[in-house]
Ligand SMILES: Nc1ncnc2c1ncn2[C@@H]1O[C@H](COP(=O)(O)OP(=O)(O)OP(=O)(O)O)[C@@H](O)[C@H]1O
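Here we start with a single chain on its own, the form predicted alone, put down as C-alpha cells.
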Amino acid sequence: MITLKNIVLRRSAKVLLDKVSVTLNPGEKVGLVGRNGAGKSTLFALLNGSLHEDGGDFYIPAQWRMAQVAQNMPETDESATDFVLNGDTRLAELRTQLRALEDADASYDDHDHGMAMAQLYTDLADAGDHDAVPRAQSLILGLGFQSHELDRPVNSFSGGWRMRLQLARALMCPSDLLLLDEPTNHLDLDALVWLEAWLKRYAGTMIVISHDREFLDAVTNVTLHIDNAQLVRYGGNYSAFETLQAQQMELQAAAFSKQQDKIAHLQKFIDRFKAKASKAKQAQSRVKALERMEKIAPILANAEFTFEFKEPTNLPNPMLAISDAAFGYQTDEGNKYILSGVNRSVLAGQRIGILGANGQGKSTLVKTIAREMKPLGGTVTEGKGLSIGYFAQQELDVLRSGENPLEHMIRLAKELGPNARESSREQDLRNYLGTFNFSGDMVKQAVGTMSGGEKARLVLAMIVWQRPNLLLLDEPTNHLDLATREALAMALNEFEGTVMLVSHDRALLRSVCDEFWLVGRGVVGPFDGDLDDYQRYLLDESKRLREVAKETQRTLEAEAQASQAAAAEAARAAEAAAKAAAPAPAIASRDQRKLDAQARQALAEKTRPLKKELEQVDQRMAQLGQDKTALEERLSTPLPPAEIAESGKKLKAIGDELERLEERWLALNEQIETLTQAA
C-alpha cells in the first residue's frame, strides 16, 4: 500500500500540502481532484520519485513497478508499433539480454550458459513475448489510429496523435501503479470510451488527475481532494464525493447561511430551465444534469469563479441557413471534399451538440461555419447581425505568448473599434479581467508563462467581451478544471443566444445541449437520441467498419484469385494457338532421332545428381519442419530450466539449417532450369 504520514510539500515558499496523512490500498482506482494550482501535479512528482517530501514520512512498496505518460513530445523515426512496444521496458530488456547471450562466444561453461538461456526463455514467456506485438497494436487502434498507420514513423504524426502514442506506450508497460495526468485531453469521444473500458480492466493501483467528471465516475472508486493544503480521502467516485462534500457543507450552518442568495439564484435558474425541457431524450439528460446541480448547490454557490455571457444585442432568426453545401479544403490537385449535400439551419436559442468519430469532418464543419474555411459548393447564408464567438482547439496557440492579458484586451478593443459594445478604458478592462480571476499582477503576466487553464480562461474572457449571439465552441474544456467547467456549463445554460458545441466532455454535452447533429460518412444529419445512444452507435459503427474491412479483404482475395485463373487460362489458350499455327514438323530422320536421344541422355546425366540432391533437401526440410513443430509444442509446456535451454538451442539450430537449405533448394532449381533451357 501507499502511505503518506504528516507529509509536507512546498513549491518555493508556498505550502501545498501541510501535514497530510492518507493510505491507498492495492488495486484502488483513485481520482485526484482540486483546483488548478492546488498541488495535484506536485503530489504526482512525490509518487514518481522526482520530488522528495519536505516533511513527514512517505512509503511506497519498493518492488512496485510504475507506469506514467511521458509529458515530452516524442521525436523518433520508430514506427508507431515499435514505439509503443518499447514501452514494455521489461520485455525490451529481456530481448536485449537474449540477443547478447546468443551472440556470446560461451566464455563460461555450457551448464551456466544453458541455465542462463533457460531462465531467459522462462522470463520472456512470463513477460508475454509471444503476443506483445498484437497487444501493442490493439492499444494503438483502440486510441483511434487506423490499421494502415501502425507502421508509420512517430514523427509523421501531429502533436495530439503523438501524445496518444505516449499514452499507449504507458498502458503497454506492465505496472503495479499507473499514474495518469489528464489522459483524456487529446482524445475524442470514441477513444475516450475505449480508454474507460481498458482502465476498468486494469488490475493494479491507479491514480488519475482529470477534469472530466464522467470519466472519473466511470473509472475511479476513491477520490482524493486537495483543498487549502489539506488532502481528504472520500470513498466513491467523483459524484459520490460531490454529494458527500455538499452534505458536509450543509452541516456548516454559518457558512451555508452566507450562500443563500447565491443558492436562491441558482435554484431560480434550475427551475427556469427545467420548465423549458421537453420529453426528448436529450432534454431529459439535461434535466438530470440540472437535478445534479440542484443537489450540489452549496458547492456551486461556494465556487471561487463564475461568469456569464451577456445578453446579445440582437438575435437573427435563422442565424444560419446551409443549403446543398459541400465542405472540405483545397489542395494542389484540386478540391478535397469531406462533407457534401449539407442542408441544415441554425435557429435562435438552439443548443446543438456536434457528434462524430475522429476524422469524419467535425472540425471541417466548425471551421467553415466560423469563416475559417470557405465552402466548396452550395451556400451558407448568415442572418443579419450574426456575431460568432469562436473557441477553437488551437485558439490557445493563437494567443501571443509575449503579451499579457491586459494587452490582449486592449488590442481586441482596438480591432473592434467603434463597434465595441463594452468600455475600452484600461481600468474597465482591468476590472473585467478580474471577473475571470485575472486580478492584481496577473493582468501583467506574460501569457507564455501561464497554465493551459489560465490561457483558456483568457480566451473565454475575450469571447464574452465581444457579446456574440452564436457561440461556436470546439473542445473548450481541454484545459479547464472542474470548477471552471461547472461555471462554463452554468454560463452556457443562461446564455440567451445559440450554442454549437463539440466536446468529449459528456457532462457538459448533457447539461447544455438539447439536440445533436451527427457528422459521419460524408454527411451531416440529426441524431435522434442521447449520449448513451451515441455510445451504442459508436460500438455498432466500429463493428460495421470491421465487417467492411473483412468483406473488402475477401473481395480483394477473390479478385486476385480470379485474375490469376484468367491469366493462366489466357496463357493456355495462347500456347494452344501457337501450337495450332506452327507448321507440322517434318518426320525426323533416323540420324536426327539418334541425336535427340543423345541430347536427352546428356541432359539427364547432368541433371540427375542435381535432382537427387534436390530430393534429399526436400526430405530434410520436411523432417526439420516436423522437429520444429514438436519443439515449439514442447516449449509451450512447463519444463526444467536445463531442458528449456537445450530445446531453445535446438530450435535456433533448426532455424539456421532451414534457412541454409532453402537457399540451396532455390539454387538447385535454378541450375536445373538453366540446363534444361540450354538443351
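Note that the structure is a prediction, hence the values are computed from the model and not measured. Residue numbers here begin at 1 and follow the sequence given.
Beyond the structure shown, there is the form predicted together with the ligand, which is absent from this document and is the topic of what follows.
Using a 4.5 angstroms threshold between heavy atoms, G452 counts as touching the ligand in the predicted bound form.
In the predicted bound form, the ligand sits within 4.5 Å of a heavy atom belonging to R11. Residue contact with the ligand in the predicted bound form: T89 places no heavy atom within 4.5 Å of it. Among residues of the shown chain, R620 is not one whose heavy atoms approach the ligand to within 4.5 Å in the predicted bound form.
Residues with any non-hydrogen atom within 4.5 angstroms of the ligand in the predicted bound form fall in just one of 519 to 527, 439 to 447, 460 to 468, 160 to 168: 439 to 447. Taking L668, L24, L16, V20 one by one, only a single residue has any non-hydrogen atom within 4.5 Å of the ligand in the predicted bound form, and it is L16. Comment: the ligand is not present in this chain, but in the predicted bound form one of R35, R65, K649, K628 has a heavy atom within 4.5 Å of it, namely R35. Residues G39, K40, S41, T42 of 39 to 71 are found to place at least one heavy atom within 4.5 Å of the ligand in the predicted bound form.
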